[in-house]
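Only one chain comes next, encoded as structure tokens, the form predicted on its own.
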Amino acid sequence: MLNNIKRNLLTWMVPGILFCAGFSDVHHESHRPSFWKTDGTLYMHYFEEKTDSLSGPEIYELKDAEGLTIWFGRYIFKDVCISGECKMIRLWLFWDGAGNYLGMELPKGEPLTKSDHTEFDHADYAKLEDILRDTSSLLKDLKQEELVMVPDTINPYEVDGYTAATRPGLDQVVVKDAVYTCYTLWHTVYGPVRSYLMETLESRINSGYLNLLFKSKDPALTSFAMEAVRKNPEYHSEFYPRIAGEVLSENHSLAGQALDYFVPSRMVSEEEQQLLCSLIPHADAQKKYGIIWKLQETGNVHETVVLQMLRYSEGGELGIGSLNLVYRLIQPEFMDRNQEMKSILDRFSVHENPYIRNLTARLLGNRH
């Protein structure tokens, strides 16, 4: 696979560019399989970054057989300044098919080093990976000159070699004695390249592409697809059932994003509300409450949906504690015209559980 990639690249690249890194010599410190050994079809994007003329002008994209992006990669060669004295870093950075940081690979024999010239160890690389995955890092809004504080007793050209010189509050979110390296790489990961990747991915949004993203079952791609539907409401009617299904995901982040999608403006129709309600028997207690609150936020829950929740309450698929929330959704006219709803409430009014009896009596009493 790797040899095929190299042969294909030779037909697309300006001779000599990037091959100084040597694909066969790429090395990942965490000993995960090399990104370059992943099967797929490789494509190249020309990318010019005026503020980074040393790094490779190509962004590589590996796609699977379905046409979904496995990763984007770019060769990075840039300086890391330490109070006016710069050292160079050389590595590959990779992003996934949703534009998220995926990982890095280093040329063999060229590990990352700290300001005192010691090499990163495994713990340092692990911490750096966590830093680069943190999209809201404290490094985001800082300027380079704000990274350290220089006491009069310390040579400014050696300042990064002293933990005490690191700006207070940053020592826990950077690798010790490598604050400039962390800062440079974080801003490289989330800088112009990522902006280009997101523009590229968003330009591909259409019904077919969204279907592929949801079909992939990849959490990152699914999250990207949900966000794309949120930003492009013309796809809501086609894909809101797929998003509703993610409310039951075991991935808490995906489940939360899916539930957050259902704002009142996306739950106007009876069908939309019924679909969300139908998830209740399959949801855990926290998600059940979340679904009810979402329905309540609409301010106008359809009669059939309220009836279904009363059925769930009677059948034990909704706990007693949630009955009070369900009762808040009942409008007086529902009880006047819906015989099944009236029958359920009549049974609850003589229920063996005193909480249910009293709650129902209060509801019926308020009605009169």
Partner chain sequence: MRKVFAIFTFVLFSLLGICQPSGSVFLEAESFGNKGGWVVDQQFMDLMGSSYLLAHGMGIPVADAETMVEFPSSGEYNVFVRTFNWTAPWYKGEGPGKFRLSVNGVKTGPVLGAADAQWFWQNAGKVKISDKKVRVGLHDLTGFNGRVDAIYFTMGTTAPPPEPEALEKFRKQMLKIPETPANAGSFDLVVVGGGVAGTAAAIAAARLGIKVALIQDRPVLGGNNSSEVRVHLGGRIHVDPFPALGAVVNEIGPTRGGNAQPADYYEDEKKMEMVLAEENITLFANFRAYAVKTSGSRITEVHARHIETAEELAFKAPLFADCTGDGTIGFLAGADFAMGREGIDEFGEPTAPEKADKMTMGSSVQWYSIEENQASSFPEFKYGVDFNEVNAQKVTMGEWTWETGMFLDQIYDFERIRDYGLLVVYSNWSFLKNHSSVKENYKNRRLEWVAYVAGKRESRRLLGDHILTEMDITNFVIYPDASAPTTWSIDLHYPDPKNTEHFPGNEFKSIAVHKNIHPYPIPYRCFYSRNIDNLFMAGRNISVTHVALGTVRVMRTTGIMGEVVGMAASLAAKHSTTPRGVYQNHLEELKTLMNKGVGKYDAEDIQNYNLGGTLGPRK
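Here the structure is a predicted model, which is why all the values come from computation and not from measurement. Numbering follows the first chain given and starts at 1.
Although it is not shown, the form predicted in complex with its partner chain is what the next lines describe.
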item: Candidate spot 293, 325 and 359, all three touching its partner chain in the predicted complex (heavy atom, 4.5 Å); value: yes
item: Its partner chain contact in the predicted complex: residue 289, any heavy atom under 4.5 Å; value: yes
item: Contact of residue 319 with its partner chain in the predicted complex (heavy atom, 4.5 Å); value: yes
item: Any non-hydrogen atom of residue 349 within 4.5 angstroms of its partner chain in the predicted complex; value: no
item: Heavy atom of residue 297 within 4.5 Å of its partner chain in the predicted complex; value: yes
item: Residue stretch of 172-180, 193-201, 265-273, 278-286 approaching its partner chain in the predicted complex, non-hydrogen atom distance within 4.5 Å; value: 278-286
